[in-house]
Structures are given as structure tokens and as C-alpha cells.
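For reference, the chain that follows is the form predicted on its own, supplied as C-alpha cells.
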């Protein structure tokens, strides 16, 4: 079911009486990246996805986004849907949002799943790269920027063997608002570093990383997982940065096993 919350497009699947899971997508994608997880889990869990402000079907407005405003949006969704201790699952930028949410309101969540993301904030080189991305969009359009960016998000094997699926994701991403994409780049460049938070996370945490992830490779994610007490870490074979989409069966298996253990009352 689709609904609007604070002008965001929010999608729900499953029984409202089941334990809730919120999925937060990566940049520059939309809620559709979680389709395989929703199909797998919605029979047993109440699954919530949404389009981050400025992406997918959520309007960009003035595009003046911050990571704090993204976390505020997440909190509003929890409040409006009256979710009781949802599991929070985020990938890439969705992971940045999830980690900041842990700093702000960990007590509102039952468990955490981090996919292909990192706690480190952008260094100076990273900030300059975000600025170059904004310049590229201004000069050459959002479609050119997205095509180059998304190319680095998937393993070469997936792009060759699953080309129609890759092209569909690419087309959806190219349809994003230029203002929204630039706003997300600004939010990511200005986000805080959440590394110091990691040893303080007290809820069960699952960390998943694609073996061929070029943006947040396994060594970076393993280092992050090692700092989270009693976290569970898995490398997803032959997957890139978009492991939940590229290797859905394996990711679903890891998630279901984790959820069965840690979503108990």
C-alpha cells in the first residue's frame, strides 16, 4: 500500500500486527531496490519502504537537505505509522541515515541491519568529489551523472548477466529530480562521522557487504563491524555495492536468519 507521510511516498507490505522492518534505500536509487526483500519477508513481517526526500516519488522541494532532516523524516514515519521497535535496515546513504538515527534514538529500534555502508564521514577528497558531482549535474545534466555513478555500484558480472535488471535500475535513477540528487550530495558531504558511536550500539546488528563493493569494500565494513559489540558480519560473494539487489537470495537468507533470532519479543 502506498501512502504519503510528510510529503514522502511511503510503501507498506504485510500484516500491521507483525513485527515491523523499515528499509532505507541508497543513493541515487529509490524504494524499489528492496523489492526482493519485501517479497521474501512481508509474509512474516510488516515491511516499510519509502523514497528518501528528493528521490523516487518523494518531491525535492528546495533541495536543501541535511542528514539531520533525513533522520527527522525517518522519525516522522515511525511516529505516523505508530511502529513499535522496528528493525532498521539501511544501505549506503540509507546506512548513513540509520547510523545517525542510532545516535539520536537507538531506544526506538529492535535491531539494526547495515548493508554496504560506512560510519566514516567524507574526508576532504570526498567532499570535493561531491562538489564535482553537483557541478557535473549543472553542466551536463543528471542523467550523465547518474549513469557514471551507478556504473560503480554494481559488479561487472551482474551488469553482464542481469543487464535488463541493471538497465531498469539505471532508468529509474535517471528519472530522479536534479534538485533532489544535488540535495542528497550536499547532505552526504555535510554528514557527521558516526565512528565513535559504533562501540555504543547495544541492539543486535547485522552487517552485510558485497565482495566486489568498490565504494565500501569488505575491509572497511569489517573494520566497522568489529567495533560494534556482538555484531554479525557477512561478505556476499560476487556482489557489488548493491548486494541486496545483486545477490537477493543470499542476502534474504542472511536477513531471515538474523531476524528469526533477534525479532523475538
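Computed from a predicted model, the values in this text were never measured in an experiment. Residue numbers count along the first chain shown, from 1.
Keep in mind that the form predicted in complex with a small molecule is missing from the display, and what follows is about it.
K.L.:
Would you point out which of 161 to 169, 134 to 142, 92 to 100, 76 to 84 contains residues with a non-hydrogen atom within 4.5 Å of the small molecule in the model of the complex?
P.N.:
So the stretch in question is 92 to 100.
K.L.:
Looking at 174, 104, 108, 130 here, can you tell me which has any non-hydrogen atom within 4.5 angstroms of the small molecule in the model of the complex?
P.N.:
Exactly one residue meets the criterion: 130.
K.L.:
Identify, from the list 215, 197, 220, 203, the residue with a heavy atom within 4.5 Å of the small molecule in the model of the complex.
P.N.:
By the 4.5 Å heavy-atom cutoff, the listed residue in contact is 215.
K.L.:
Given that the small molecule is not shown alongside this chain, does residue 26 nevertheless sit within 4.5 Å of it in the model of the complex, heavy atom to heavy atom?
P.N.:
Residue 26 belongs to the contact set for the small molecule.
K.L.:
Classify residue 71 as contacting or not contacting the small molecule in the model of the complex by the rule of any non-hydrogen atom within 4.5 angstroms, answering yes or no.
P.N.:
Contact check for residue 71: no, nothing within 4.5 Å of the small molecule in the model of the complex.
K.L.:
Verify the contact flag for residue 188: yes if a non-hydrogen atom of it lies within 4.5 Å of a non-hydrogen atom of the small molecule in the model of the complex, no if not.
P.N.:
Residue 188 belongs to the contact set for the small molecule.
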